[in-house]
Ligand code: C5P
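The form predicted alone is given below as one chain in structure tokens.
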């Protein structure tokens, strides 16, 4: 077991699973939730345990009741469940099912026997272990308790995809308990960790697009500037076009090490010349995670691109497609996922443009916008995170986004920054307390959280959230 602090918790959960006749596996729908479900499903199958999989966008009292109505002896919750223990425990006490939870979110007050969560052992669930990581620890324990020949270490690759998708790469690198997962994946031959250009799209984007869309480190004259990116590349003494003479640009993955070094060196020099601070320019190079069993040049080869692909499935009600890709379908499901990703990118771009045009309202210590029905409630949080720091949006204050969930409720998504968290910001507490005060519910992580509230309580919610943030960060 790679994380000794959680060893006995994982073993206890595994033993209970092995005593079960039928298991219902319930999981969240984002990249971390999908990889959590895929890891757990493969582990259950290898252990010979009959199970079914269901996905939930949000786990609330109604959804938990619907799970109980399925009449499974055991329910395994992955990437959620800890924060809903008050409702889950009532069903447990009623004898509806035995809950097993592999999660990393802030637990509610109620307790349950089979609970695997890094926060219970003093580990940070926002940066040291994701839901997929918790599922991986359970999978490793299940293999050991079942005395299987397969030790499930190959599932570490999916655990890393989940952690990266959950924004757990601190300054671009996985830390804490996640390090053990990386090491086991590397030893199993399914992962490669190395220093490389730290820009999204290394596997799939043509070089000009790779640089044009590189926004983590903005380089004047290149970022969001297609002619500038092309001009920069054409000035280099490297043939960056395909060798067949068709004039197509190569991708980063097509370059050899010397060619990559030439581009990186020139890019760093250009960044410094254009006024990018040295410390920030250095972030152009960082730690990358490659899934070595995947085909080079596909979005599944890179952990970051893989996680983005998964996010584009369940957020459009196709969690089944994301799960199938995680389980190895490289034909129909993968093609469907790629089409959904194109739609996802277009919707995010349009959503960000809407925020730029609409602007945000500032109330004390926070800023917010209401997207109404114009941005899907499943992606409005991503748009909010992308909006932090663009023109007209203050990157030094947390941002809250509202979107229509149904006729009676609003979806609320909140995003902060690492600097704000360092100052005391905890959006999980803000979303939980402010939403419950107005008759809703919520939770999440310190840097990113969400809630559901009655549609006529927005102003009251904003005021309460502002008061809470003021108390946290002064």
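Owing to the predicted nature of the structure, the values given are computational and were not obtained by experimental measurement. Positions refer to the first chain, counted from 1.
If you look for the form predicted in complex with the ligand, you will not find it shown, but the lines that follow are about it.
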4.5 Å heavy atom contact, residue 143 to the ligand in the model of the complex
no
Any non-hydrogen atom of residue 448 within 4.5 angstroms of the ligand in the model of the complex:
yes
Look up in the model of the complex whether residue 42 has a non-hydrogen atom within 4.5 angstroms of the ligand, and give yes or no.
no
Within a 4.5 Å heavy atom cut-off, is residue 322 in contact with the ligand in the model of the complex?
no
Stretch from 101 to 109, 332 to 340, 252 to 260, 210 to 218 whose residues place a heavy atom within 4.5 Å of the ligand in the model of the complex:
101 to 109
Within 4.5 Å of the ligand in the model of the complex, heavy atoms considered, which of 326, 137, 314, 126?
126
If you look in the model of the complex, which residues in 364 to 383 sit within 4.5 Å of the ligand (heavy atoms)?
381
